[in-house]
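Below, in structure tokens: the form predicted on its own, a single chain.
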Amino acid sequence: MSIAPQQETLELHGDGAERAAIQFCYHRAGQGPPLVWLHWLWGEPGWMDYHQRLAERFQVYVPDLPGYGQSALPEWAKTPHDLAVLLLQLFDALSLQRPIVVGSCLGGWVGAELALLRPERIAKLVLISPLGLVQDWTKVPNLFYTDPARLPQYLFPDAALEKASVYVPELSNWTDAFINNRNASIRLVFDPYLHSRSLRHHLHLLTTPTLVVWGEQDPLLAPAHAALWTASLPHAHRVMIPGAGHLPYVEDCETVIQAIHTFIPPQERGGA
């Protein structure tokens, strides 16, 4: 079943003395309980097959995080925690009541910050290879300093995977939009690199039911990081995706979607 998404833009009033407007761009499609998909480190290439599958049972919102795509990043916002504060304003503007939040990579880190800030605002949390916790950041491949030709091998176990170029284009195909997204990531997660110095010490307070999904062959953050997350979270379950890398829904969309559906009982989602 094909579900055509709508692309929409909201301008929200900022906080503080200047109260500058904050622009959010997002895609929306489907019917059922609200589900917000928070994208990975370099944004979404578009409305993808995993969004489409989720929209069969949920009303899916896929926002460009502040600083990505056409969403504005205020000058004061410099961390994933700050993005969570801004997303709460978007939730208010859209009247989203206890959505399910699915976050990949950077989006997973932001989702965890959301659940810590306002646990009553989120029904369930799905974290797909989230950033935020790193066993030893000095051993994690540097996505910003490395030769761009090596980037796919740091994200996908099969660097020649046809879909890899959709998420990590060759240097000659880097568009202004891709460079803008990359620059936003540098601002948000470069120092400290891909992790928070304090998040691990807060996670025991996160009471939202949480599913942690990880690719068994993640070349960026080894699968042991999945256990690190579930050991830190009091209400977490873990699902490992065989043969998948840092974006497991790219290599095995159906298994990831099934894991989400299993985590969310039928009475909490639309469809059969």
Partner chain sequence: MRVFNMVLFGWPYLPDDAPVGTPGSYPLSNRYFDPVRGNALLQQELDRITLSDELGLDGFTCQEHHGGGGFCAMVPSTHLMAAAVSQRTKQLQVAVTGTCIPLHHPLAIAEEVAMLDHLSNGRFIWGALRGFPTEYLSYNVNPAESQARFREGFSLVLKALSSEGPFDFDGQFYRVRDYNIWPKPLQQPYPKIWMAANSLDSLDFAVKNRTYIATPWVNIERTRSVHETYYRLAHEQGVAIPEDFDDMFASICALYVGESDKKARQEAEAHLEYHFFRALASFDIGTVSLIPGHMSVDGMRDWLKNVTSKDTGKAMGYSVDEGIENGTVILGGPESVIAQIKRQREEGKRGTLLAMFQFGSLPDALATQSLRLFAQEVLPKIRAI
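Since the structure is predicted, the reported quantities are computational estimates derived from the model, not experimental observations. Residue numbers count along the first chain shown, from 1.
The same protein also exists as the form predicted in complex with its partner chain; that form is not shown, yet it is the one meant from here on.
Shown alone, this chain has one stretch from 144-152, 97-105, 82-90, 112-120 that lies within 4.5 Å of its partner chain in the predicted complex by heavy atoms: 144-152. At the 4.5 Å threshold, heavy atoms of K78 reach its partner chain in the predicted complex. Remark: V166 does not count among the residues lining its partner chain in the predicted complex, judged by a heavy atom distance of 4.5 Å or less. Within 4.5 Å of any heavy atom of its partner chain in the predicted complex lies no heavy atom of A160. Although the partner is absent here, R200 is not a contact residue: none of its heavy atoms lies within 4.5 angstroms of its partner chain in the predicted complex.
Contacts to its partner chain in the predicted complex (heavy atom within 4.5 Å) from stretch 166-185: L171, W174, D176, I179, R182, N183.
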